[in-house]
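What follows is one chain in structure tokens, specifically the form predicted alone.
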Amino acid sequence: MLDYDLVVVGGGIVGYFTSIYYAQRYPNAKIVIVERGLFSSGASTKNAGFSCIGSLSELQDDLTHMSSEALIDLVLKRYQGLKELQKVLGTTNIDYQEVGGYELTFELPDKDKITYFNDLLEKALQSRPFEASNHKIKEFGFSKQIKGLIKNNLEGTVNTGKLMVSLQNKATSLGVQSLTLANVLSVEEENNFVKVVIGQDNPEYVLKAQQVALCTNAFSKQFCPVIDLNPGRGLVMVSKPIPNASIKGSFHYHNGYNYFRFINGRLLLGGGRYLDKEGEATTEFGINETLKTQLLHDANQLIVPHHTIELDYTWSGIMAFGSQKIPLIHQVSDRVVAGVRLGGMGVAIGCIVARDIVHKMP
């Protein structure tokens, strides 16, 4: 129970997909996933269930930091990742719904920008994803402060819990083992294997691995201090039931920093990190009251202006960002590969990162 062909550190979307792809490539391999929490400790079990490839304002901002070719490649990878997600796990099993992603704007949408990004992405996506949907503002019941809606027809939602259960079931069916509440203290190279040390207090356990995949995203600096990686905490809140709340779609505003959707008559609302980027650059879970107050204000003033929102649940998840939006596949050594920096798009691009991790392994 201590010797493995592959030890995957991190039991989130990337970790499970890495184990699945490796098991498919090497059917006789002995594989274990090691997760420090009872469930995934990052954002994989704590996200809002959005399947996104990028809103118009996000892509516009991205073009100030990368070439148009790099942006096209990144968006295509996100789109391919969503298709792969459905192919591997099944659309029904994860409750995948391509209901569209809507960006709320506080001024009328720029039709020239919509045309520009449709032209830019059409060849890669075989689609013109963006369209103005201002006529739905009244239908959705949003405040008159919202002047425009820009729909991305290729976006939608998933059920996060069902997604993770489906990943676990798929991995188990391929013979992958998993250890939870198993905190990895260190990953150490030896002459002909890698030593993975696990322990909460005492005793410590040592796994021997031929290959190690580090799939711990924002928590990865413990193992790779030099990588370009910064944590970003995300706040998510869920309201008590709201009468007649049945809007379909995923919604974004403030350049994608804020997001919401309606689930079973409740409003799920999250984001606000732009209000305190420094304070939210942490791997500590917790609720930032400044963000919570502003998001609750938005809910009552912009999203459901004729109903007073009362919260039922709040939680936080930890994402990872860097100087580039492109995920980082880092070859730590011949036996150790890290796949990190998903930029808050783990649902869409997690399986693509996992595939690249396995391709890096001999």
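Fair warning: this is a prediction, and the values are worked out from it, not measured in the lab. Residue indices: 1-based, along the sequence shown.
Note that the form predicted together with a small molecule isn't included here; everything after this is about it.
- Out of the listed residues 140, 257, 219, 116, 219 is the one that sits within 4.5 Å of the small molecule in the predicted complex by at least one heavy atom.
- Residue contact with the small molecule in the predicted complex: residue 212 places no heavy atom within 4.5 Å of it.
- Taking the partner from the other structure, the small molecule in the predicted complex has a heavy atom within 4.5 Å of a heavy atom of residue 42.
- A residue is said to contact a partner when one of its heavy atoms sits within 4.5 Å of a partner heavy atom; residue 184 meets this definition for the small molecule in the predicted complex.
- By the criterion of a heavy atom within 4.5 Å, residue 46 is counted among the residues contacting the small molecule in the predicted complex.
- With the partner omitted here, the stretch from 22 to 30, 294 to 302, 318 to 326, 66 to 74 that lies within 4.5 Å of the small molecule by heavy atoms in the predicted complex is 318 to 326.
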